[in-house]
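Taking the form predicted on its own, here's one chain by itself in structure tokens.
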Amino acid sequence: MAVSAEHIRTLHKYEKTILSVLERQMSRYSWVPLEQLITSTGFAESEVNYRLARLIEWGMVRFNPVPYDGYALVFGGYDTLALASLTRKGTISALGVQLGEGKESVVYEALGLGPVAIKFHRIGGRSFNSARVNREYMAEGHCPWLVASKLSAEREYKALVALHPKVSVPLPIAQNRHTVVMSLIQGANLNRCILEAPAVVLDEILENVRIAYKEGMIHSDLSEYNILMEEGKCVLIDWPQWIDAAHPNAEVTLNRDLDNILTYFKRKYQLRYDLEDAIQCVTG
């Protein structure tokens, strides 16, 4: 991570307070005024400036001098708040190696009661603009990356809670701010695997899609890149974009998900499966 574990462990209580104030105030400001930070924390100006300088150096806060001295939380600071909370609750005790990274998230191994995975949702820049256009759950108007990332994590956690264990998805353990803690899947992405029985795996994927659909959820971004293979079994991951099966775009979305999977199996394994048959399998 951009923020070192050492900095998180040695964070002073005043610095945690400033990060928390920034988190709250960023619902009102793109850049929180220095005066607001002083008022909200109750600290002396010299103390606030000293702590802010450290947080900026550690990649947790950003400074902007125009049109006033303003400060904003960045992902390093938001990560720190989430990890501090999860550690305090005993959900995790140590952060391990990075397992993967996508356009809108990064996943690390961590230690809880046992090995777990912690996913940091990161909706910012181009992915934030795309999310605001394409996802109805995004708030209208001023919706900073902080809120967008939290909404994304909440939505994924909701899906995992609803689907596990009926559908083969990671076991949800906890959700805090923009993070989701879940069971660690010991397996590779489907696109990196050579399957001995591709037809069996395809049937298994379709069955999981069918059960999810029966539970009222369509993945909405299903492909070979967000299916893991663990001991020969598929695990469907990355659920923040799911839509309700009663949504007006449900049919189009489900058809796209299924077409993605069928196209992959046809391309890699020359396995032909009619799309209409797959749709009937899932919805019939």
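Predicted, not measured: the structure shown is a model, and the values here were computed from it. Note that residue numbering begins at 1 and tracks the sequence as displayed.
Form predicted in complex with a small molecule: not shown, discussed below.
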query	finding
In the model of the complex, the residue from M182, I205, A153, L146 that sits within 4.5 Å of the small molecule by heavy atoms	M182
Answer option from V32, L258, M60, L228, heavy atom within 4.5 Å of the small molecule in the model of the complex	L228
The small molecule in the model of the complex: contacted by all of H7, G96 and G112, heavy atom 4.5 Å	no
G77: touches the small molecule in the model of the complex, heavy atom cutoff 4.5 angstroms	no
Partner proximity in the model of the complex: D221 to the small molecule, non-hydrogen atom cutoff 4.5 Å	yes
Contact of K89 with the small molecule in the model of the complex (heavy atom, 4.5 Å)	no
N189: touches the small molecule in the model of the complex, heavy atom cutoff 4.5 angstroms	yes
Location of the small molecule contact in the model of the complex, chosen stretch of 112-120, 80-88, 207-215, 193-201 [non-hydrogen atom, 4.5 Å]	112-120
